[in-house]
Each structure stands twice: as C-alpha cells, then as structure tokens.
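To begin, one chain is listed below as structure tokens, in the form predicted on its own.
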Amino acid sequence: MKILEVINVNKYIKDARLIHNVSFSLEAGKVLGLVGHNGAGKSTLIKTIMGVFEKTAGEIRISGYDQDDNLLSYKQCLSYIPEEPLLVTELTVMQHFQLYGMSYGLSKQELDERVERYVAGFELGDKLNDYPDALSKGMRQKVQTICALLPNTPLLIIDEPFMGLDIYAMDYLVTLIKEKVAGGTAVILSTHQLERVKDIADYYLMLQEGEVQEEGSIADFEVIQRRTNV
C-alpha cells in the first residue's frame, strides 16, 4: 500500500529553482533515506511535503489524501521531528504532549500511556512541569521527538534523526522507529550521511540541486559509495 506519493513536484521562488520534477513513492512499513549535501533541497522537499511551502507544480498524496483537496486530513496523516526543536516557550513539557494529543485526537488513556512510556525511555520524568527555556538543547530535542511519536500517523518524517541526542537516546529512538515501521508506518529519514541510518533504511533517494540524482535500495547505495571511494 502506497502511503506517500510525490509526483513531478516543483518549487520555485521567483526565478530560483529549489525543487525540480521530483517524483517518488513510499509504501507502508518502509523507510526512505533522503540524502544530499547542504543546499541539495532536502529541507525544501520536506517542507513542501508537509505543506509549509506551497509547491509550484505537481501532486502530493498521503494515504490517498491530496494535499490540495483535503489539507487538514492530509496533515493529520503525518508527524515530523525537525532538526531543531520547535517548542512554545509558554507551555510546559506536559502541555506540549497534551497539545499534540488533542491535535491528533488521542484519547486521554492513549496519551497517558504513551507519554509515560516515552518519558521513561528518554529519561525526562522529572521535566514534565518545566518550560523549554529551562531545558538543555538535548532535552528539548527529546521533547520534540516524543511529541512527533505520540500519534500513530501513516507517515513519519525525521530531519537529521540523531541531532542533539545522546547515545542512549539515539538507541531508544532507533528502537521506536523500528516499532513504528513494524506497525506499518512509512518513514522518511533526512540526513547528510546515510551511513548513520543504513541499518534502518530500505531505500535511498539522493538530491542534488533540487533534482533526484540517484535512487534505489540501500544495498545499491553502498555499492555506489564504494565505487566512488575507489
């Protein structure tokens, strides 16, 4: 079953071409590594998929919902872990979790159970009543990560998945990603170095100057890398 369909998507700002004719799809329970150098277009593509940037042309669908026709239902089908945490200074850690729970229609029992588990796993049990300004960057990233993991959305997008996390949090996040995938979630992992997520990813898509340069199975990527290094 196709979760994400990106068809001939373009993004221009005035005469600047940011994304050009990008097409790919992602099935349930599969992980795509989105790779490319700085400025390759990874973040622009992610923001276009999320609807933060309005595409210039093309089609994007998640679980059959077209971005243009049913934006609210479309957005409820995805969750996102950004490279830099985006938290509200006026809300405590627990209030962030509650806000996400309400936004995605989680019951109180679902929310409480998931918060209890994730908070324990990320060692944030004593921070629930703290505000973001009182947290280290790593702790803020953990809060942001939990927020995105609370709903069971068809699509999970993670930008630089291990940025700001300690080694124990990294291992726990990998475990949770694998659980999501086993449950049918499709995942996009955007990273500068696909080697860091090669044990998680099934496929890769390499962008260069806003275009798809290469794509295929993760095994093919490893072969390409070895040939490049020869």
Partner chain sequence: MNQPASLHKAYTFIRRQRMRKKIKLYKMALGVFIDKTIATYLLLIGGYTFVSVFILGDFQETFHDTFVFVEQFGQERFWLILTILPIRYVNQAFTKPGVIFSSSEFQLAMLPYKRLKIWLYSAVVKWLSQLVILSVVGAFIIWLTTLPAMLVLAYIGLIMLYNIIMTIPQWKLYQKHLIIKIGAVILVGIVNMIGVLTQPVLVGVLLLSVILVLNIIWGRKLLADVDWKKVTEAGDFAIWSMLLVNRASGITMKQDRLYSIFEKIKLFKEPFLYGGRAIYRRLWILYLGKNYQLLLQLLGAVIALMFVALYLGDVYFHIGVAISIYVYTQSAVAFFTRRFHVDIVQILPWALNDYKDAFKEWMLYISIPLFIPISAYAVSNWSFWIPLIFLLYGSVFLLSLEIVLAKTVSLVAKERVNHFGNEMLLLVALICLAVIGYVPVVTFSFVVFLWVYFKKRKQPKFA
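Positions refer to the first chain, counted from 1. As the structure is a prediction and not an experimental result, all values here were calculated from the model.
Just so it is clear, the following notes concern the form predicted together with its partner chain, a form of the same protein that is not shown.
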{"query": "Residue 129, heavy atom within 4.5 angstroms of its partner chain in the model of the complex", "finding": "yes"}
{"query": "Distance check, residue 68 to its partner chain in the model of the complex, heavy atom within 4.5 Å", "finding": "yes"}
{"query": "4.5 angstroms heavy atom contact with its partner chain in the model of the complex for residue 139", "finding": "no"}
{"query": "Residue contact check: residue 102 to its partner chain in the model of the complex, 4.5 Å heavy atom", "finding": "yes"}
{"query": "Contact at 14, 54 and 86 by its partner chain in the model of the complex, all three, heavy atom at most 4.5 Å", "finding": "yes"}
{"query": "Interface residues of 84-111 toward its partner chain, as seen in the model of the complex [heavy atoms, 4.5 Å]", "finding": "86, 87, 88, 89, 90, 91, 92, 94, 95, 96, 98, 99, 100, 101, 102, 103, 104, 106, 107, 108, 111"}
